[in-house]
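Have a look below at one chain only, the form predicted alone, in structure tokens format.
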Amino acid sequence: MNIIVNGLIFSYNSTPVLNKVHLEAKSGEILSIVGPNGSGKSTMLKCLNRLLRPSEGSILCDGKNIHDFNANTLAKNIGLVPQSEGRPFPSTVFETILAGRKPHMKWRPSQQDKEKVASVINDLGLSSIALRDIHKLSGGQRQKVYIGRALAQEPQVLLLDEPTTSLDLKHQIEVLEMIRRLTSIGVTSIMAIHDLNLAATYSDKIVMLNKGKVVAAGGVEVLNPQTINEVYGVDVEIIKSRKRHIIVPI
């Protein structure tokens, strides 16, 4: 599913957060939105999932305005992994991920729903804790469960707000490799992420936000010393190793 955002404007209580933002992600791409805290990354994702409504601009999914989708169609097509949630209701890992099947269910889960959840649990390496209450999980484990819930929706577009939060390096790589596998079957992934090196490694496109405006957009080449200094106020050196960009503060 192709996503095109045109001239998006959003404000909280008259305070501008997004200012005429444009971005485009094609089917099967990973687009990373980077920028300092308060730059509008999370707000952008919430607009894309219709949790917030911009005052101006449009968001098109395969040419259709997302505000023309009914709630079930939206849920079948777009999955969101939030950065954090409030205190979760008592629920097992299996039950939490099963909640992602609601757009596909009738009055009770089908065998197909249960098999999909079991597959997601296996793919995420959660089989050993599938029946554990999510209150008893570590922050990193819970983050993987919420990713699993979104994957159980079988969305065409996956939105992830800091998907590697609370994960150690091994699990960061596991999650990002899984996102890459999803794009190989056509899922469009848009993620807000702080780690510029992970963004450089796993992204097809990068959008740099600062104070709600797009400073740069394109491939990994936009993560250069000039734009990083403009956005973050930090001097860096770019080291190329095995066709990868490694960003080192100086």
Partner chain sequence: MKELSKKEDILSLYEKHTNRHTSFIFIVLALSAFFVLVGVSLGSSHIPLSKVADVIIHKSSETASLIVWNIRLPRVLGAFICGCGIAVSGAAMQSLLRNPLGSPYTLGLSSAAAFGAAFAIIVLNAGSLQSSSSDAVIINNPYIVTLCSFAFCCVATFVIILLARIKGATPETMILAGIALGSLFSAASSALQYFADEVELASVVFWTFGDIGRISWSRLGIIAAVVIPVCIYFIYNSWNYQVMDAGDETAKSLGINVERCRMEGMLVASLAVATVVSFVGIIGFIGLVVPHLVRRINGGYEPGLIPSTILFGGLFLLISDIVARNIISPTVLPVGVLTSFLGAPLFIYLLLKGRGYW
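Positions refer to the first chain, counted from 1. Being a predicted model, the structure only gives us computed values, none of them experimental.
If you look for the form predicted together with the partner chain, you will not find it shown, but the lines that follow are about it.
Undergrad: With heavy atoms only and a cut-off of 4.5 Å, decide whether Gln143 touches the partner chain in the predicted bound form.
TA: No, Gln143 is distant from the partner.
Undergrad: Does Ala130 reach the partner chain in the predicted bound form, with heavy atoms at most 4.5 Å apart?
TA: Yes, Ala130 sits close enough to the partner chain in the predicted bound form that at least one of its heavy atoms falls within 4.5 Å.
Undergrad: Any of the heavy atoms of His171 lying within 4.5 Å of the partner chain in the predicted bound form?
TA: Contact with the partner chain, no.
Undergrad: Do Ile185 and the partner chain come within 4.5 Å of each other in the predicted bound form, heavy atoms counted?
TA: The answer is no: Ile185 has no heavy atom within 4.5 Å of the partner chain.
Undergrad: Just one of 202 to 210, 64 to 72, 218 to 226, 30 to 38 has residues with a heavy atom within 4.5 Å of the partner chain in the predicted bound form, so point it out.
TA: Result of the contact check: 64 to 72.
Undergrad: Along 94 to 117, which positions have a non-hydrogen atom within 4.5 Å of the partner chain in the predicted bound form?
TA: The stretch touches the partner through Phe94, Glu95, Leu98, Ala99, Gly100, Lys102, Pro103, Met105, Trp107, Arg108, Pro109, Gln111, Lys114, Glu115.
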